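Take a look at this single chain, the form predicted alone, given in structure tokens.
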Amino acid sequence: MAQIKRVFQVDGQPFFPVGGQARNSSGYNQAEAETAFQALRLIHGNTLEIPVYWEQVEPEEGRFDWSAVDTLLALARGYDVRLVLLWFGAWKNGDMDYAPAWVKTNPARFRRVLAPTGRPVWNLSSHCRATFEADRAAFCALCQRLREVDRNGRVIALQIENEPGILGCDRDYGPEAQAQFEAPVPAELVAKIKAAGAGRVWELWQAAGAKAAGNWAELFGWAGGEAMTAWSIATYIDGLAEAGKGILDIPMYVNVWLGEGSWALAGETYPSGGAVAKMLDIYKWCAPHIDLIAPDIYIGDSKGYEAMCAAYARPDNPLFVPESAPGNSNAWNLFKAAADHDAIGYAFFAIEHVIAPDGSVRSEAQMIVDSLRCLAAAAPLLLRYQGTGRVHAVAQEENLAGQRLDLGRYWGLVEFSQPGGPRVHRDWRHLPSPTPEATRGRGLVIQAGEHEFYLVGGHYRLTLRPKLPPEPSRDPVESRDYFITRLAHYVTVDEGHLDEAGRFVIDRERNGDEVDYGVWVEPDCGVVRAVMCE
């Protein structure tokens, strides 16, 4: 059994945030923010991620305006949901767009990254002490405001910066940064690398000769600039977290623009110095006050998606996905994150896109909305059973007709809705479609006990068969008879939901035709519980 570090808490109890992230400009005013809250209600989510902008809250140095933050807190109370506030400070997606005008227009004081040619890059240098102190002061002011006005704990976490790093250069070539690049790599970091004995940073060090000491180029070769930038930014952000937690002790995390896409070139195809997979160890070693390093996963193919989940799901870094693609591919991938990688929370980007002009769900967003709705319904079960090996993802890959699951004393056969497939009795609410269904099957199967199973999701059915003892399995005829007589004997099959205490509440009972051919599930069924009879 794996121990799951539950970073998020509400009223002292573990909490599984499910929801979405608002668009970049939605936090500026109440009208746009409220659209995001309305969208969260449509997906039955419990948490909204929304930005707080340095330029808005500190329009003049030392003068703060908290009206937008107070509005977000009031909306969260009104909609009875939680918030993750995203601090758009010195970095947002590899540049400095959200810094205040008084920072942007004073490059002599708030120095920018310089390219090798001396050209300034639209990015604040992490080596500039004045920038760090101004960013820290504003972030601490935010923490102080939340401590004063958020007494019922609507804010469950703070994201520090957003996809930090440098776009346009592999590192800062300004005088301070150049001196750092040529100086010896900090001895504490070298000691961590040696002690690790494995990992991407250790491999880079090995490839450069595994020297006991030296500057960044000597210890990391071609990756020296990116490694130094990762160390510098991680140290900068950790300084903000340490100061902020001294005021408001809640989880704080860093999100990541992944580095595996396109040409995978630091500073060109992703921000150099971010906590990409090959630099993740540096962040974990150099930012002890950061609770999570969280990947923004916009990868559609299942292999690439799962590789990123595996890279960030570590004993020292539970997987939290703060941003993901709002498209259909994510509608089944998210269940793999929850089941196979023990994700402790999940959100997708641009939550406002799910709302049609009449306030309903846009048809093109229905799959992702249904999937988030199912994940939210299963959240109490995930808090209880993640890490036990009893949570199984159901995901219909291309051309996949079914999945077989090992469920302790039972084999489970998942079959997906498809043209020409076996007839499945459902109920009057879910009549067979006259046209082939295009929606893929996906969801979760959770084994709560030896004979007790919970299902969420859609467009699949689960048939359970007891594992055969050795004697009848040797006789094909007896095995066949055993299979026929022992298949799908239920004590009960019920639709329901989990209450605030995590107890299953029955909303609708099934029997007869509705349990023939297995236990079926659709997003509007809530949680389906099947109790088997020996």
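Residue positions are given as counts along the sequence shown, with the first one as 1. Predicted model only: the values in this text are computed from it and were never measured.
The following text describes the form predicted together with a small molecule, which does not appear among the structures shown.
- The small molecule is not shown here, and in the predicted complex it never comes within 4.5 Å of any heavy atom of F132.
- Residue contact check for Y385: none of its heavy atoms lie within 4.5 Å of the small molecule in the predicted complex.
- The small molecule in the predicted complex comes within 4.5 Å of no heavy atom belonging to W411.
- In the predicted complex, the small molecule sits within 4.5 Å of a heavy atom of K92.
- In plain terms, the part of the chain that comes close to the small molecule in the predicted complex, with a heavy atom within 4.5 Å, is 155-163 out of 155-163, 447-455, 370-378, 104-112.
- Checked against the small molecule in the predicted complex, the candidates Y298, W285, W202, F416 yield a single residue with a heavy atom inside 4.5 Å, and that residue is Y298.
- Proximity to the small molecule in the predicted complex, defined as a heavy atom within 4.5 Å, singles out one entry of Q180, N333, S232, N255, which is N255.
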